[in-house]
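Encoded as structure tokens, the following chain is the form predicted alone, with no partner shown.
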Amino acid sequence: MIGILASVIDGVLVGAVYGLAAMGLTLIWGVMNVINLSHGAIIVLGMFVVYFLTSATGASAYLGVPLVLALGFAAGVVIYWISVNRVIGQPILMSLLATFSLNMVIIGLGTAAWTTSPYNVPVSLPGISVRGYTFTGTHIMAALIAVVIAAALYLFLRYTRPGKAIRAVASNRDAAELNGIPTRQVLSMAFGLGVALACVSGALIATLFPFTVLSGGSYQLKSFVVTVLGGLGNPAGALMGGIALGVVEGLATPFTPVSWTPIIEFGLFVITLIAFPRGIFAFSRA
């Protein structure tokens, strides 16, 4: 019984990071109705940024989080103006093709530069031991950083002028334009934020698990599941959905092989779409 509870707690910690990853996806999806199929590849970019940062400087991976956020935001703005801006308001297939093409470009360049060999970011933090079970310090730290960033995003969207502009554009773009809001600039900022959140979640995941340039696929699936659980365009729900997914993984791990995890996640995805099309946590929409 204690072992199952420990697995659930560990799932909550990892799930908070999943929630942060999904926030980037749901923010872009909810604000501009673009399904970002390059989300997983962008998560991997965050992993490699923190890997090379720690390798080059010897600094702690956590000190690189602000830099990863800044670089991710800048990259997101550039990506928006190069490829995404052209497909806003077009049929959904256009945005799918644009972001999928970006995904293939990132994977192709990454494979050429770094091969598909596994990498890891060595981080050592003291854990917490309870009744013979140890909760690693890296899991605790990653969850704390994820929650802090999620709270900062909530406050930004709720109380700042740019955040209110993003919410206005998400609610009604035409009305926002009539009120003088520069919608294209706001959309580029929203896309930059979404990419920044994906990158920093990748940096945190890199402190927990080994990764390769092809690791993005599994985390993209998790992000889609979390987005469906939390409700479209609902960053607060994404955090709750991530924690819920982490708990499901924590409960499944003691009883099923690891290879079953993607099957369970996809099953949860389908069941939620059928039973709760607006999301289980849609009531918490900000």
Partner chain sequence: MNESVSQAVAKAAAARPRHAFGEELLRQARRPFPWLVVAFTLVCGLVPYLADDVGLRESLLLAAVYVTLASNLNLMIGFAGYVNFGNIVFFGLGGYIGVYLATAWHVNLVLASLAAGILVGFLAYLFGLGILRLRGAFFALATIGVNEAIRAFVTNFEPWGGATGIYLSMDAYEPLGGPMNGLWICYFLLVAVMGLSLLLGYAIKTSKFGLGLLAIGQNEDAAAVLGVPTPRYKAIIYSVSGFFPAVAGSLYFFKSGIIEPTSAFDLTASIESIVMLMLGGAQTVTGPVIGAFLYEELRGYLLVSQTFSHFQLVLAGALLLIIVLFVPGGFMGWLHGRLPRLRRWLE
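Note that this is a predicted model, so its numbers are computed, not measured. Residue numbers count along the first chain shown, from 1.
If you look for the form predicted in complex with the partner chain, you will not find it shown, but the lines that follow are about it.
A.B. asks: According to a 4.5 angstroms non-hydrogen atom cut-off, is F52 in contact with the partner chain in the predicted bound form?
C.D. replies: Taking the distances in the predicted bound form, the answer for F52 is no, it never comes within 4.5 Å of the partner chain.
A.B. asks: Even though the partner chain is not shown here, does A61 get within 4.5 Å of it in the predicted bound form, heavy atoms only?
C.D. replies: Answer no; every heavy atom of A61 is more than 4.5 Å from the partner chain in the predicted bound form.
A.B. asks: Do A70 and the partner chain come within 4.5 Å of each other in the predicted bound form, heavy atoms counted?
C.D. replies: Contact check for A70: no, nothing within 4.5 Å of the partner chain in the predicted bound form.
A.B. asks: Should I107 be counted as a contact of the partner chain in the predicted bound form, where contact means heavy atoms within 4.5 Å?
C.D. replies: Contact with the partner chain, yes.
A.B. asks: With the partner chain left out here, work out from 38 to 46, 217 to 225, 235 to 243, 52 to 60 which stretch has heavy atoms within 4.5 Å of it in the predicted bound form.
C.D. replies: Residues of 217 to 225 come within 4.5 Å of the partner.
A.B. asks: Suppose contact means any heavy atom within 4.5 Å; which members of 68 to 98 contact the partner chain in the predicted bound form?
C.D. replies: Result: I82, S83, R86, V87, I92, L93, M94, L96, L97, A98.
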